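Given as structure tokens, the chain that follows is alone and in the form predicted alone.
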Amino acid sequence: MKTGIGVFVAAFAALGASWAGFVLAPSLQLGGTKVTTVLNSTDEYPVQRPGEAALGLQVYRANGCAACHTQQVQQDGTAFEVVLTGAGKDPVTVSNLAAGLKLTGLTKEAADAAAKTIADAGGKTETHLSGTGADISRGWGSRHSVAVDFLYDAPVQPGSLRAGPDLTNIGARAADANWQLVHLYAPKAIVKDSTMPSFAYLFEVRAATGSAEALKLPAGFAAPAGFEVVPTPAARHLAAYLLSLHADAPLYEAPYSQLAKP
């Protein structure tokens, strides 16, 4: 009897500790998350997803997209880069000096030392911070994912398997709505060897009306002559959700240098 009670108490404690660690703690962490501001800016982050995108999250969930895609960019570390922005009164000397220095993949101390060396010669520099890691090298994001990225998502869909690429920043990587819709209807029309299943059931093939909503499909994937493929509301909502995935703001807990676009 005493042994049975002991086993019960031990099992209860183990289950309670697991629940606290894997359910309660993350819930408290995300539950206390608030809108923050972008580094070096007064812009708030994140912003509420538009109505169609919010509905699209439910379509994403209903179709099990999180079973094959993650929304969590991993980061191994950070690196600094020193960029020469001005050569001063002696451009040849400064340029030659900069060319002889290692200016990328630096620690903070090494970047400061390189910038000082160039400044002492009359040049001007900027120091940029970037994240490092396989996900960032693939172009999946600029920094690691943090809790605030999911503030307006219910339910949160971070995923755990990468049968397809991470979608954290897919709205920036593929910002064209037609691209997103064609990819959903016929993945191999976009990626030749894609293993993604077609979501053609989210579209309607109907007699051609010249609708502006009709997909622009490449040869071999287009509807038969006299017909057109148009997205249903569910397809439009899902595409809107994918286009809203922009987890690319530099934050206090996930900083990087946001460079001006050319």
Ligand code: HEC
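Residue indices: 1-based, along the sequence shown. Please read these numbers as outputs of a predicted model, since none were measured by experiment.
Beyond what is shown, the protein has a form predicted in complex with heme C; the following relates to that form.
Proximity to heme C in the predicted bound form, defined as a heavy atom within 4.5 Å, singles out one entry of 65, 223, 234, 214, which is 65. This chain is drawn without heme C; in the predicted bound form, the residue among 124, 128, 116, 173 with a heavy atom within 4.5 Å of it is 173.
Partner contact region in the predicted bound form: 189-197, out of 37-45, 189-197, 224-232, 203-211, criterion any non-hydrogen atom within 4.5 Å of heme C. Across the proposed site, 60, 163 and 242 without exception bring a heavy atom within 4.5 Å of heme C in the predicted bound form. Taking the partner from the other structure, heme C in the predicted bound form has a heavy atom within 4.5 Å of a heavy atom of residue 184.
Although the partner is absent here, residue 82 lies well away from heme C in the predicted bound form, with no heavy atom inside 4.5 Å.
Within this chain, residue 168 is remote from the site of heme C in the predicted bound form, having no heavy atom within 4.5 Å. Among residues of the shown chain, residue 179 is one whose heavy atoms approach heme C to within 4.5 Å in the predicted bound form.
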